[in-house]
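The chain below stands alone, shown as structure tokens; this is the form predicted on its own.
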Amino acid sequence: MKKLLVVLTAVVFGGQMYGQTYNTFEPSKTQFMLRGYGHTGFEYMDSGDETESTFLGSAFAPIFLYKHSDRLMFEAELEFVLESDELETGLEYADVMYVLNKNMTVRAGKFLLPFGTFMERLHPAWINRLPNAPLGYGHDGIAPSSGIGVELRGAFDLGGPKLNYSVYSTNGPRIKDGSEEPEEAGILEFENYEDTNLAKAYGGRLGLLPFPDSSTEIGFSAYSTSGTGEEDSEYEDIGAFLFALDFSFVKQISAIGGIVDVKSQFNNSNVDTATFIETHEDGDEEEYSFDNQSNSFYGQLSYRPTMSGNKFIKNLEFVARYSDFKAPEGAEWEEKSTQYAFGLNYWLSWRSVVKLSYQTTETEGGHDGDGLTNTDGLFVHWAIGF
């Protein structure tokens, strides 16, 4: 490759100026790409006592990808969401990656945690087959979604079967002590920008694709920390251990003329028992504790008749999902919920989909009360990836 070298010389001595400046112009390996997704929709919710009907504010999530060299890269995702008459902004992730070799990559910053597969791989609106997440994810959910720290990940070809792995350390979660929100005492907050104690969280995931066509994947994830409370507080040594089991099967089956896609994940959270303070209406305070164990599960099945000779039919997709969530008995946020969701999707292209979905949810307890609540919802959703 040719190199253009420009040398400008000046000398300062006895009224004269001496100096050198070098400007080298070389072909660059840097690359920049803008990707992302957006979505909008309509929802109708009926819980018996209350009915809601609204168009949903648009959401825009640009993803910035920068390749500095064949080994060094940077990625970041921003989120802009219209919600509750406000524009909410957020940083989904932002991390630097360095490829050590073909089997190992290290990254540092804020990244999506490989706790199972839903939050890391499936939650974007144009990938998720239904308009919302299963029970147990999101606000008050038990599955961690992202963290700030460092991670080593990679994959190995076992001569047919394949193995992928991830190990990481992040700022540990923070336990809510009930001082600000008494009804949420005992819930873990995972997105801590600054750690409040010396304990870090350690976790990882191991995924096995046992067949040469990579149609099936089985995964196990773990996440643990020895302390969740602020330093020098009575909750400093309250530890937590979480694990997840996930399963995926995607394959085109000629006998049924299309692609079958199966996804499932089980999450379990076990937090050490702690003592919290409950304040009664008369001002009296009472100590209480509970066995802080929670779990959630979802199973999803979708079918797309891709082998049909009719263009309209081959772009349809039929989806069904079951999910449940169980929060600790004795907690202020004690809850047992089950949800059934059914959807009919139409794919305008491989990355743009219109979703029509119906879901029914039965909730016992939770933040809204101690009784049994049944909520039915109808959703129309349009998502596009770019």
Partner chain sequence: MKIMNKIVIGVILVTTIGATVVSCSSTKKGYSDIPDSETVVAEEGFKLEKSGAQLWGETCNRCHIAPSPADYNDTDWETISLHMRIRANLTEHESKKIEEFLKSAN
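Note that the coordinates shown come from a computational prediction; the quantities given were computed from them, not determined experimentally. Residue numbers count along the first chain shown, from 1.
Keep in mind that the form predicted in complex with the partner chain is missing from the display, and what follows is about it.
With the partner left out here, the partner chain still marks one of 139 to 147, 182 to 190, 81 to 89, 115 to 123 in the predicted bound form; by a 4.5 Å heavy atom cut-off that stretch is 115 to 123. Residue in contact with the partner chain in the predicted bound form (any heavy atom within 4.5 Å), chosen from N132, T196, S296, S226: S226. With a 4.5 Å cutoff on heavy atoms, N101 counts as touching the partner chain in the predicted bound form. For the chain shown alone, F342 is not a contact residue for the partner chain in the predicted bound form, no non-hydrogen atom being within 4.5 angstroms.
Contact annotation for L65: at least one heavy atom lies within 4.5 Å of the partner chain in the predicted bound form. Taking the partner from elsewhere, E287 is found to have every heavy atom lying beyond 4.5 Å of the partner chain in the predicted bound form. Candidate site formed by E75, D213 and W347: every one of these residues places a non-hydrogen atom within 4.5 angstroms of the partner chain in the predicted bound form. Residues L152, R153, G154 are the members of 138 to 154 with a non-hydrogen atom no more than 4.5 angstroms from the partner chain in the predicted bound form.
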